[in-house]
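Below, in structure tokens: the form predicted on its own, a single chain.
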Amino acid sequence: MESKRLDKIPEKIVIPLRQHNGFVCEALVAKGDEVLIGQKIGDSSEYNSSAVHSSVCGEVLAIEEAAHPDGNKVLSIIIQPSDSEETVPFTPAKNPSKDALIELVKESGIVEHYGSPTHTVLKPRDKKIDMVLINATASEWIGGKYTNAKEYASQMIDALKLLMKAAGASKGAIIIGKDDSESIEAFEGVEVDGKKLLVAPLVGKRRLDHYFKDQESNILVASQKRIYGKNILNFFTYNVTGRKVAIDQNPTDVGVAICGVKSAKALYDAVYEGKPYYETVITLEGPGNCPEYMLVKLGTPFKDIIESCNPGEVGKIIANGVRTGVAQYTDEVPVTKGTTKISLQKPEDVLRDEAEACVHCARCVDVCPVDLIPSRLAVMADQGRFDECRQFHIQNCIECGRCAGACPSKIYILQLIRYAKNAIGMAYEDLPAKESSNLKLGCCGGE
């Protein structure tokens, strides 16, 4: 599947100095400086941080607080682009060592779409990684130099090998959606170390270890039912590997590093082309002539992307999915490393239903993938009863939004749960260790 490139040069490019969960970078340029494509313009010596690069040639207009897709304002570098395509020198890395790869990941500004700098995922402090997973269940197709699906699949296998080497992991797997026939066809038959791949279906209680033994390979491609949600990592880890991750931990605590398609491709480009992470592919949906996929430069305002689609009057702009994303208050927000999707809605399509009283139908319970009681959590969150929310293990919520979608009373369940989780996160340093008695599957439950 081919992605369209945004050809229009924006009036300005906004590069946030923090595009990850961690420390804000310090600007390496000043107002009036001229920058080139790929030039490092922000960096930090802190471990939990990642460099940022210019995606265009142009002049630095300002360094100031600017709107961000997460709803906050972030210190950003504002650049007035020119029509030049001059880049800094790109130097490919020849057979880099493990430590050199980790340094390259940080220097190239590679960040996971869920917010973590990739080098902290591959080399977490005081932890050992033995398995690397590329979560490709969202069927992200990426920009790059490939002419067909097989070439794309081959690049992903090479990228997985680089991630494994950087992490010092002995095993690795790419997980695709079982309904994604295009990706299955792309990977089926690709050669890995002289053997042809067979896409392994993860069904029942079969996990990756079964197929590592069955195929006698340390690299797999497996398929499973798609999992959506903002905080799916622990749940995803359990479903794929069978390893349980405690509430207050993440997959690296059980030896698993989870990366996305974008970060994998970014590392491939950094090694084989010497190219830092300064452009990304996003998914578009809505009225007008929106291409399904578009390759854009990081820092491009949503406004310029929307105008290229000619959608007419727009009633709502949502970043990263209608169900779990964030509605934007301005179209001046920029595309960041965490931007995966832009959804547009016409004014008449914007839902304005008022929430009604819960009818106790339990539909939210039926659809919850981690067996919580969302309706009760929503009530307690609305009343500020955060201690009780903790007791009902609200931190297990993967924020998939199924509960809100199923609710006939149109209660804003997901928003209320997020509100409570944020409040708990700011108020407590610890999390309850006890598992909920009603939790049978997922990140913290039993089989």
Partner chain sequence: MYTISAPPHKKSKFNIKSLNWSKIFALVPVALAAIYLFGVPALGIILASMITAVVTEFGIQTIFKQKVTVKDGHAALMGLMLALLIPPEAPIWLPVFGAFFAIAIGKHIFGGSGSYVFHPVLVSWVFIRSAWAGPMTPLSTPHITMLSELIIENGAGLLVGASPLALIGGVYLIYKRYVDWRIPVTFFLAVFLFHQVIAFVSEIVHLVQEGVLNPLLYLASMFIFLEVPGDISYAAIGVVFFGILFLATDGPTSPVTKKGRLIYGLICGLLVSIYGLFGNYVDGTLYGILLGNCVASYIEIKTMPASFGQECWLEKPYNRIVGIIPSAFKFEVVTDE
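Positions refer to the first chain, counted from 1. In this text, rigid core is short for the largest set of C-alphas that superpose within 1.5 Å between two forms. Predicted model only: the values in this text are computed from it and were never measured.
As for the form predicted in complex with the partner chain, it is not shown, yet the points below apply to it.
*Asks:* Quick check on this chain: which one of 88, 149, 100, 365 has a heavy atom within 4.5 Å of the partner chain in the predicted complex?
*Replies:* None of the others qualify; the residue that does is 365.
*Asks:* Can you pick the one in 293, 268, 238, 114 that has a heavy atom within 4.5 Å of the partner chain in the predicted complex?
*Replies:* None of the others qualify; the residue that does is 238.
*Asks:* If you check in the predicted complex, is residue 415 within 4.5 Å of the partner chain, heavy atoms only?
*Replies:* Looking in the predicted complex, residue contacts with the partner chain include residue 415, since a heavy atom lies within 4.5 Å.
*Asks:* Given that the partner chain is not shown alongside this chain, does residue 357 nevertheless sit within 4.5 Å of it in the predicted complex, heavy atom to heavy atom?
*Replies:* So residue 357 counts as contacting the partner chain.
*Asks:* Determine whether any heavy atom of residue 328 comes within 4.5 Å of a heavy atom of the partner chain in the predicted complex, and answer yes or no.
*Replies:* Residue 328 belongs to the contact set for the partner chain.
*Asks:* Quick one: does residue 196 come within 4.5 Å of the partner chain in the predicted complex, counting heavy atoms only?
*Replies:* Residue 196: no, not in contact with the partner chain in the predicted complex.
*Asks:* Please identify, from 115 to 123, 201 to 209, 268 to 276, 176 to 184, the stretch that has a heavy atom within 4.5 Å of the partner chain in the predicted complex.
*Replies:* Heavy-atom contact with the partner occurs in 201 to 209.
*Asks:* The partner chain in the predicted complex: within 4.5 Å of a heavy atom of each of 171, 401 and 406?
*Replies:* The answer is yes; 171, 401 and 406 each reach the partner chain.
*Asks:* Looking at the partner chain in the predicted complex, which residues in 384 to 401 have at least one heavy atom within 4.5 Å of it?
*Replies:* Residues within 4.5 Å: 392, 393, 396, 401.
*Asks:* If we fit on the core, is the Cα of residue 66 displaced 2 Å or more between this form and the one not shown?
*Replies:* It does not, since the residue 66 C-alpha is displaced less than 2 Å between this form and the one not shown after the core fit.
*Asks:* Residue 379: after superposing the rigid core, is there a C-alpha shift of 2 Å or more between this form and the one not shown?
*Replies:* Yes; that C-alpha moves by at least 2 Å between this form and the one not shown.
*Asks:* Indicate whether residue 94 shows a C-alpha shift of 2 Å or more between this form and the one not shown, with the rigid core used for the fit.
*Replies:* For residue 94, whose C-alpha is compared between this form and the one not shown after core superposition, the shift is less than 2 Å.
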